[in-house]
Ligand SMILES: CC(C)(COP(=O)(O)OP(=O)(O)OC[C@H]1O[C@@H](n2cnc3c(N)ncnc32)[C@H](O)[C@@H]1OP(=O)(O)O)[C@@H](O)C(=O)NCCC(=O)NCCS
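Presented below, as C-alpha cells, is a lone chain in the form predicted alone.
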C-alpha cells in the first residue's frame, strides 16, 4: 500500500476524485503539446475514463491517480500502478505538470521524490512510455534517469518504453 501523503516533501499530495475533474481538465488543457503526440485532446470524459483505466490483470486496489498541490492549486497529476507489470515495479501511466510550472524543476522534484519513496519501500524499477516524437517528454524522462527500453505500439500512436532502475 502506497502512502500518498508521503510521496512528496515539496508538494501536498492526495488521491484525486471525480470532484477534481474540473481542476485536472484545466491543467491538462494547458498542455496542448502533449495531445499533439497523444490524441485525442483531453475532455472531462477522457479524464474520468483515465481515472478508472487499469492495465490487464490489475485491480483498482493498485491504482493511484494522484494530485500534487502547490498552495492549494493543482500543480501536477500522476497515474501510478503499484506492481505492474510485476511485483517490485511501479508503472507511471500518465504524468503532467501545469504548463505555468514547467521548466522550473517541479516535475523533476516530484519524480525524484517518488522514486526515492518507492525505492525505500522495496521497488526496484519504475516503468513508463512516452509518445514517439514527443521530444519534450523524451528530454524530461531521460534527464530524470529513465532509459529507453524499446518501442511499443498502442491504438493511437507509437510509444517509447522506458525504465528507471533503482540503485542504492
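All of these numbers come straight from a predicted model, not from anything done at the bench. Residue numbers count along the first chain shown, from 1.
The form predicted together with the ligand is left out here; the points below concern that form.
Shown without its partner, this chain lists 140, 69, 119, 62 as candidates; in the predicted bound form, only 140 has a non-hydrogen atom within 4.5 angstroms of the ligand.
The closest non-hydrogen atom of residue 46 lies beyond 4.5 Å of the ligand in the predicted bound form. Contact annotation: residue 90 falls outside 4.5 Å of the ligand in the predicted bound form, judged by heavy atom distances. In the predicted bound form, no heavy atom of residue 80 sits within 4.5 Å of the ligand. Interface membership of residue 136, defined by any non-hydrogen atom within 4.5 Å of the ligand in the predicted bound form, is confirmed.
Taken together, the three residues 13, 17 and 24 lack any non-hydrogen atom within 4.5 angstroms of the ligand in the predicted bound form. With contact defined as any non-hydrogen atom lying within 4.5 angstroms of the ligand in the predicted bound form, the contacting residues in 63 to 100 are 95, 96, 97, given in sequence order.
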